[in-house]
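So this first bit is one chain, no partners, the form predicted alone, shown in structure tokens.
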């Protein structure tokens, strides 16, 4: 960690994640769940909780501890963090059953919409003295039939070399290592950035307390985040990891997949380069 970097608190990161999630609701489809399905989902969730209580003979002190923990999670705004780390991967697996094209994975809590639009060949916004090894990430966006998708958007965000995201940590400028890259007439893009670092999810709040009490580790492997979209096609939300990286086999968010692991090649200038193409399926029609 750099000497000038201030570690974000769980409360600050949680509040930012909650605000970002609420602001993003307008860009997402509204859930239309019938009363019958709501009844089924709520009942099955409660039945699963009851089964744990009965099987594990949960005591009153344990119940009160859970109640206090749930209250704490809400008060510091950590529900986006907790749900994105420990629940979203299962939601994504269900969605993936009916999806074709590039493999997706979780979005996570650190996405911020409305970032700077950049040309097909671009350097991400970054500090003049941005730490980390230079990385050129390039590729092509195509439809399933191989048609190149000119003007597709590669919405890109990542942590810095200390493992921090802009918008969620003090002293990291707004928009740092974020951007929306628009593909050229051949559907190609080339993004100059830095290799991110593995990072711990915030551990000084209730989510961290739960992890410590259970004896788990809080680490995520280094990764790049992407939303790739083109008119008439289903958006792909994914993360790309790095081979031989720490925590690949024990990601706290359970989001790694073998076909999302990159193998960057060292370049003569000391940096790295890697290519990864995206294939988008047609958007569903009603």
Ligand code: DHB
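All values derive from a computational prediction rather than experimental measurement. Positions refer to the first chain, counted from 1.
The next section is about a form of this same protein that is not shown, the form predicted together with the named molecule.
Student: Applying a 4.5 Å heavy atom distance criterion, does residue 110 contact the named molecule in the predicted bound form?
Tutor: The answer is yes: residue 110 has a heavy atom within 4.5 Å of the named molecule.
Student: Any chance residue 152 has a heavy atom within 4.5 Å of the named molecule in the predicted bound form?
Tutor: The answer is no: residue 152 has no heavy atom within 4.5 Å of the named molecule.
Student: Might residue 172 be said to contact the named molecule in the predicted bound form, defining contact as any heavy atom within 4.5 Å?
Tutor: Residue-level check for residue 172: no, no contact with the named molecule.
Student: So, in the predicted bound form, is residue 81 in contact with the named molecule at a 4.5 angstroms heavy atom limit?
Tutor: Residue-level check for residue 81: yes, a contact with the named molecule.
Student: Among 124, 120, 106, 135, which has any heavy atom within 4.5 Å of the named molecule in the predicted bound form?
Tutor: Looking at the other structure, the residue within range turns out to be 106.
Student: Within 4.5 Å, heavy atoms only, one stretch in 256-264, 55-63, 36-44, 221-229 touches the named molecule in the predicted bound form. Which?
Tutor: Selected range: 221-229.
Student: Across 162-185, which residues bring a heavy atom to within 4.5 Å of the named molecule in the predicted bound form?
Tutor: Going through 162-185 in order - heavy atoms within 4.5 Å of the named molecule in the predicted bound form - there is one hit, 165.
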